[in-house]
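Quick setup: one chain, the form predicted alone, written in structure tokens, and binding and motion questions come after.
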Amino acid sequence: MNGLERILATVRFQVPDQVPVIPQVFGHAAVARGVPLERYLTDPAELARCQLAAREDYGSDAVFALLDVNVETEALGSSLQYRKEGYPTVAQFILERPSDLSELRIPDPRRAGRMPVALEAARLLRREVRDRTLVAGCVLGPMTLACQLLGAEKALFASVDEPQAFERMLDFAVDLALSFGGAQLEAGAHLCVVFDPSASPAVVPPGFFRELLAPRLRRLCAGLKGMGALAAWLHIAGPVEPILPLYPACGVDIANLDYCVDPGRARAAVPGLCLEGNIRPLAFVDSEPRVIAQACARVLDVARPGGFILSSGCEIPLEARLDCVRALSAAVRDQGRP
């Protein structure tokens, strides 16, 4: 099996030739090659070169046409501050209050901000790997985009003080994600990771997720799959166990598990859902390959015989040790066939 076949078999709970491995390597792919991060985030050819190198070095079954969490808000008019040693941050949010949303329009992904960088990166990666390796794009989930448009504190207050205006923001966020996601799929991505860390129970209560976010995630997942995405991959970090049972009704096919979530309990909660994770991300910085191997062995013992992708619990840090990242794929090889 190649990487894409391996992942699709796993999502369908068929038994693959081996457990898929997807280190969540984004900006680290640039750092590992000595490429300035800002160049990686603005040059699609450099991003593609770094991702392909990381795939070979780490034995990954996927590559990521993914920049950072500020792409959508920048395209809408937020100003960013680029930093030499890290990802850009929002210097000024485009919205002062939820009612200002009436002045915004869905941007053209082929023209606005760095959206074209993501599209071209997806095109280049797909041209190179074809259907041998999964090409993953990315869209922000509705809660995270709301926070990126208004600022997290203002967004949370708005959900209470201006609920109707806040819900319009969430709907706008889904519309934008479908537009941007559709363009990425057309460019060559096999799917788009729905990245929504602000939907975590560490940020908003499970009831908030159930009432406000789950219906919109359902529309987003269905829309992406309707445009050709091979699966719906939801990435929410933190203690997601209280909201995991809601994922199947949202149309989620792959659920990210952070390191704080016990994979055995997660499997019991959603037995028919493909899980992905959950090695502690900072372990790739402050640990040793043998410790990573031990953690992988524990996770793989729970995960077998199918429906599990071995990965980091969230993004692998920029400063991760290369030998620690390599330990992920080595752990699968050492375990043999599932």
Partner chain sequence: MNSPSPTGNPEPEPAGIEADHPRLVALLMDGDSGAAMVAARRLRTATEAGPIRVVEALEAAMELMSNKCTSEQFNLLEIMLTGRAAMAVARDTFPEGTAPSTKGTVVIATPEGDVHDLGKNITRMVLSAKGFRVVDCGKDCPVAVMVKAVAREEAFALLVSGLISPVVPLVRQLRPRLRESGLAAVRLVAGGAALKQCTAEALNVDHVASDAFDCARYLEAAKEGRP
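Since we're looking at a predicted model, the values are computed, not measured. Residue numbers count along the first chain shown, from 1.
This protein has a second form, the form predicted together with the partner chain, left out of what is shown; the following refers to that one.
Of the residues given (Pro201, Gly77, Pro248, Gly228), Pro201 alone sits with a heavy atom within 4.5 Å of the partner chain in the model of the complex. Taken together, Ser159, Tyr259 and Glu319 are fully in contact with the partner chain in the model of the complex: each brings a heavy atom within 4.5 Å.
Note on the interface: of 107-115, 213-221, 149-157, 185-193, the segment with non-hydrogen atoms within 4.5 angstroms of the partner chain in the model of the complex is 149-157.
Interface residue remark: Pro281 is counted as part of the site for the partner chain in the model of the complex, having a heavy atom within 4.5 Å.
In the model of the complex, the partner chain sits beyond 4.5 Å of every heavy atom of Arg130. Put simply, Pro205 is close to the partner chain in the model of the complex: some heavy atom of it is within 4.5 Å. Taking non-hydrogen atoms only, Glu38 never approaches the partner chain to within 4.5 angstroms in the model of the complex.
The single residue of 284-302 lying near the partner chain in the model of the complex is Asp286, the criterion being any heavy atom within 4.5 Å.
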